[in-house]
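Okay, so here's just one chain, in structure tokens, the form predicted on its own.
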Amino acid sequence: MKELGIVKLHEKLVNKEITSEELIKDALTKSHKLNDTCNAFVTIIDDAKEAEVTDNLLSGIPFGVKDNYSTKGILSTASSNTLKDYIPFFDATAVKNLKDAGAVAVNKTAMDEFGMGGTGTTAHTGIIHNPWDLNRSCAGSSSGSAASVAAGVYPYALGSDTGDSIRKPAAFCGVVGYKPTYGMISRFGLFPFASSLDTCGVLTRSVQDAAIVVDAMKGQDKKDATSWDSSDIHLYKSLNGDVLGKKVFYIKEIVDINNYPNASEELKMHLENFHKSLEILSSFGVQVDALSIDKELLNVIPSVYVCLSCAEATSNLSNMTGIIFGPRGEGDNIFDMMKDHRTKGFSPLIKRRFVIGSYILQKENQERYFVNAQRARRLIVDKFKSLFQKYDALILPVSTGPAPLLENENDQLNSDDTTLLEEHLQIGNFGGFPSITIPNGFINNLPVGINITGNCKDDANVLNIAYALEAKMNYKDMVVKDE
């Protein structure tokens, strides 16, 4: 059952070949087993109840919720000690929409603390391990969601994406990671990291399942002023695989192996896989063009991301004082209590980001750093929006290869200048663009991914290109095999 997608599971439920209760019990059993090996969950909801099977494809089927989504009556920590006992009194809108569809949440997935960090190593419950190889990283921050979907616990889990936090874990775990257009899914009840970049999304094992889930999650919400009416967009029904005449582009300098004189064998193989996928698209009648983009503009992407995300995080998380939420700090007055709480509660990585964000937001520094970062973001977004007037999508490989070893996850291949290969997914967050990662083969028995990004509100087109490519690559619905 664990390799079945949503449509097949729904058919079996309707035909009474299986029951919702059986699916939930199976998911709970697998959750405990996976937690023993991968540390993928903060909470396992052992008392999850079956749901009525209706015409809705998601009804009766279990799923996972990233721990930065508010869940009514269920521990919601964002994998931080500052919220280690926090139990909300309301559901995030995205979670509520899925519950209304009859879906059943069975666990809260572990993540990098408050979504900061791309390694899966900063959760307050410990390091999250990749089910393909326990010595390797899942990336982050949606680490537990990616690991659990890859291991076949259920067909999908919720994620959030601020820089690449759905799409890179998807690549490293051999699953699909879909970040919709900004505002397609309400952020109400998603614990904020960087509000202008944060996007709700999903990790699945097929493009079809991603479309089905986001169809149920999306919708305008009066509780989120950045949400918009997507009622005329029907992602699942739009999937037909017809991509004849579509136009895609890639940035040739990023994928030219000659630009990496010290390239590893893994990087060489990864770029070979990428070019083979381009050939598949061309065989469908898709026009594939190699474009050059000003390297000076591309090179500022990581710095712009650091400036804006750290500044917004510093502001957003200023309410984590130990007074409103979580355990209180010690001290003789309120200021000492807050200082003690934040000093002891946050991991070193989070505190470093707060220091950077505070420095950027100081009055004397704002023009030089924060405002200039906003200007650079606008230049980047304008450039890609102009390209999306001519092309349907940007296509690039994800990262420099498969998941790194946990002991090496902070290593930087500066001599190869591979920064853009690692950081280009942030373009999707800068512009609020829809962006999806799908599996693109294996290197040394470890999965790698390819990413497709398109123009705002053109999600159906982006998913359909991914759907057509996925159909020719035979990596749909795969799970990590049990030992």
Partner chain sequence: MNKQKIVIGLEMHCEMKSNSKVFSAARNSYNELANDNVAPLDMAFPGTLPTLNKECVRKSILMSLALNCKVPEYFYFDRKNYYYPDLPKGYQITQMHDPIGTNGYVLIDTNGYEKKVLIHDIHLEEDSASLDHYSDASLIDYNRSGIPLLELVTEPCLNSADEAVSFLEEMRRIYQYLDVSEADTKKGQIRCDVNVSIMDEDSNVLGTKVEIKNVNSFANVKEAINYEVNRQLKLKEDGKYNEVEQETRRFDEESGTTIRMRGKVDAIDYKYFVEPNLPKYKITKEYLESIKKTIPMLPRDRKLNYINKYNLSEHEASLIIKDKDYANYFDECINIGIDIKQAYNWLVGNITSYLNKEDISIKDFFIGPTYLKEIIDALNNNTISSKQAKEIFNECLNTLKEPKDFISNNTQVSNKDELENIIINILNNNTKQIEDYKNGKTNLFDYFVGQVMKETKGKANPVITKEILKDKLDN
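Positions refer to the first chain, counted from 1. Worth saying up front: this structure is predicted, and the values here are computed from it rather than measured.
Heads up, the form predicted together with its partner chain isn't pictured, but that's what we're talking about next.
Not one of 214, 442 and 446 is positioned with any heavy atom within 4.5 Å of its partner chain in the predicted complex. With the partner omitted here, the residue from 238, 358, 372, 282 that has a non-hydrogen atom within 4.5 angstroms of its partner chain in the predicted complex is 358. For the residues 329, 192, 219, 102, the 4.5 Å heavy atom test against its partner chain in the predicted complex is passed only by 192. At least one heavy atom of residue 223 is located within 4.5 Å of its partner chain in the predicted complex. When its partner chain is considered in the predicted complex, residue 188 lines it closely, a heavy atom lying within 4.5 Å.
Residue contact check for residue 273: none of its heavy atoms lie within 4.5 Å of its partner chain in the predicted complex.
Using a 4.5 angstroms limit between non-hydrogen atoms, residue 75 is distant from its partner chain in the predicted complex. Picking from 157 to 165, 135 to 143, 315 to 323, 396 to 404 the stretch near its partner chain in the predicted complex, with a 4.5 Å limit on heavy atoms, gives 315 to 323. Of all the residues from 352 to 372, those having a non-hydrogen atom no more than 4.5 Å from its partner chain in the predicted complex are 358, 361, 362, 363, 364, 366, 370.
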